[in-house]
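Below, in structure tokens: the form predicted on its own, a single chain.
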């Protein structure tokens, strides 16, 4: 029988929730997928279809938290009128609020993700796509309202934001300040700098400079190479050499 998309999401969430609960009960646990399935009340064979191993549970956990953070933004009054900086900050704060109750599990899950082989990191792509889609919407809104100029390089900046988000979470996991005030201060200061890049048209200006340098240096290099190989040109290619008369030896 075909399982609906909603049902699949419910089963995946139930398994992830069971893994979090097992870790909360015993932070040192190395529970198997069979134990996770039993905790969720789901047949092991079914659980393995969704998550062949525990590392994929970790990836799914972050995927769901990104979804929940995005949903939380929709409950903020007047959110549509926020600036790009305010929207990004609200998203970061919503994401951290979602994972706060399971901070120790987040630490373990993130280690599991970052310690995985590079090919396994592809499993993080669903969450990465979610984050990039959310941020793309913020950028599109900012362009539409005229607070940042349109640019073909916005995608590059949005991709950079994903790396920035990971670094913020890693910092937060090591932040022992009261109410994580150091993390809040880091976000305030670094996000302000980050947002100035698309606002100032930084990437377009950098691309123009790079294009100018490539063009001018390439032209100069071509001239130098032309001069270098000039002695090797056939004599009849030299316009200063008179053409031979037909039949002359």
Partner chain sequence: MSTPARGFVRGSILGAAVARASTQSLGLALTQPFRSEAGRERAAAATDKQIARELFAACGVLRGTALKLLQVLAMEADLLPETYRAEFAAASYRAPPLNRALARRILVAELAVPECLFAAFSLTPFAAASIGQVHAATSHDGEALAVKLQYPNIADGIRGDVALLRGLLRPTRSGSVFAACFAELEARLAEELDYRCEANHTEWFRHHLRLPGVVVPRVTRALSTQRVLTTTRLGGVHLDQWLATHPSQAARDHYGQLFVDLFHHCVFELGRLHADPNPGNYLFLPGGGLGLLDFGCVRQLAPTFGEGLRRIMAPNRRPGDVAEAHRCLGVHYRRDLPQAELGSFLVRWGAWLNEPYRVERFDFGAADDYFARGSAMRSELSHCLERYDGPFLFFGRAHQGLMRTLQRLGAKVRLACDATTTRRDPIATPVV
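Computed from a predicted model, the values in this text were never measured in an experiment. Numbering follows the first chain given and starts at 1.
Just so you know, the form predicted in complex with its partner chain exists too; it's not on screen, but the next bit is about it.
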> Is residue 103 close enough to touch its partner chain in the predicted bound form, meaning at least one heavy atom pair within 4.5 Å?
Replying inline: no
>> I'd like to know whether residue 82 contacts its partner chain in the predicted bound form, with contact meaning heavy atoms within 4.5 angstroms.
In response: yes
> Going by a heavy atom distance of 4.5 Å, is residue 202 a contact of its partner chain in the predicted bound form?
Replying inline: no
> Using heavy atoms and a 4.5 Å limit, would one call residue 54 a contact residue for its partner chain in the predicted bound form?
Replying inline: no
>> If the cut-off is 4.5 angstroms on heavy atoms, which of these, 90, 156, 110, 168, is the one near its partner chain in the predicted bound form?
In response: 90
>> Looking at 183-191, 58-66, 206-214, 30-38, which stretch has residues with any non-hydrogen atom within 4.5 Å of its partner chain in the predicted bound form?
In response: 183-191
